[in-house]
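Just the one chain here, laid out as structure tokens, in the form predicted on its own.
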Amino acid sequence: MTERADRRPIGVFDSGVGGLTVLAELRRRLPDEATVYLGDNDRAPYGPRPADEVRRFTLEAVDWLLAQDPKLLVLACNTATAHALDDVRARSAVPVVGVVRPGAVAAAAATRTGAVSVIATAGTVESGAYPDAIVEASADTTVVQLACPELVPMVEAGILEGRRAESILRAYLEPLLSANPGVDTLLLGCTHYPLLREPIAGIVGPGVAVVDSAFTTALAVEDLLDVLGARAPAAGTDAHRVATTGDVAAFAMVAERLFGERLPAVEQASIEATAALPVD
């Protein structure tokens, strides 16, 4: 395919701040690409919500992103990917990348014992998306899942370290690993969880590989842009936008830990309930 310069942004969606871990990897690997990020913090977390509600909220957010004229969409939310990826692809005129498959492939490649544990939101666990994708990548792999409903609200509140964070993480991780001693790979099945990667790694120890989908999703996006011949030339000074449906100051507090001075001013986004319209 003939290569052409496509200056349109990559659209990135998450239910809150978690997808910023994917955005950070995209900006690191693809520094010339413009981006527009939307966090639906006003309705986070998505994990405990019914699947139909997750699909509706995701389509409403995707409509907002599509209005920004992106060349590609990234569902940087595991719950949204698990429940709404097919619906989003049907609705979108541009390619859509989810986070489940890249993370699953990475976990299947990382395990030496063939035993993988996945921690995720209740919605992602109930969907069965990760066990299906991991076994598809490596048929002999055994997958144990655990829903961790306290983690997303903890991250959204900016509690990323300290005694409280460690206590909550230990309450989930220690019984999980004790009951499954063969597990040598822990997949962080929520894009919020890499913000807790340091305390998680400290609890599980060096014998357990900690895998998340941010890096592998960025690789998938890079490969897709190359296939489409849609790489951008050079990003401009106003190439990155970040928006939230929730509290701008609270969102910026967590986001600044990832981006520091490189974080653009956070915008307030208003999502209209357009997803009730038929999917094309």
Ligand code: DGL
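Computed from a prediction, not measured in an experiment: that's the story for all the values here. When you see a residue number, it is the position in the sequence shown, counting from 1.
In what follows, reference is made to the form predicted together with the ligand, a form of this protein that is not presented.
- Remark: of stretches 170-178, 87-95, 189-197, 140-148, the one touching the ligand in the predicted bound form is 189-197 (heavy atom within 4.5 Å).
- Of the candidates Ala106, Val152, Leu72, Val183, Val152 is the one whose heavy atoms come within 4.5 Å of the ligand in the predicted bound form; the others do not.
- In the predicted bound form, at least one heavy atom of Gly47 sits within 4.5 Å of the ligand.
- Heavy atoms closer than or equal to 4.5 Å to the ligand in the predicted bound form belong, across 11-37, to the residues Asp14, Ser15, ordered by sequence position.
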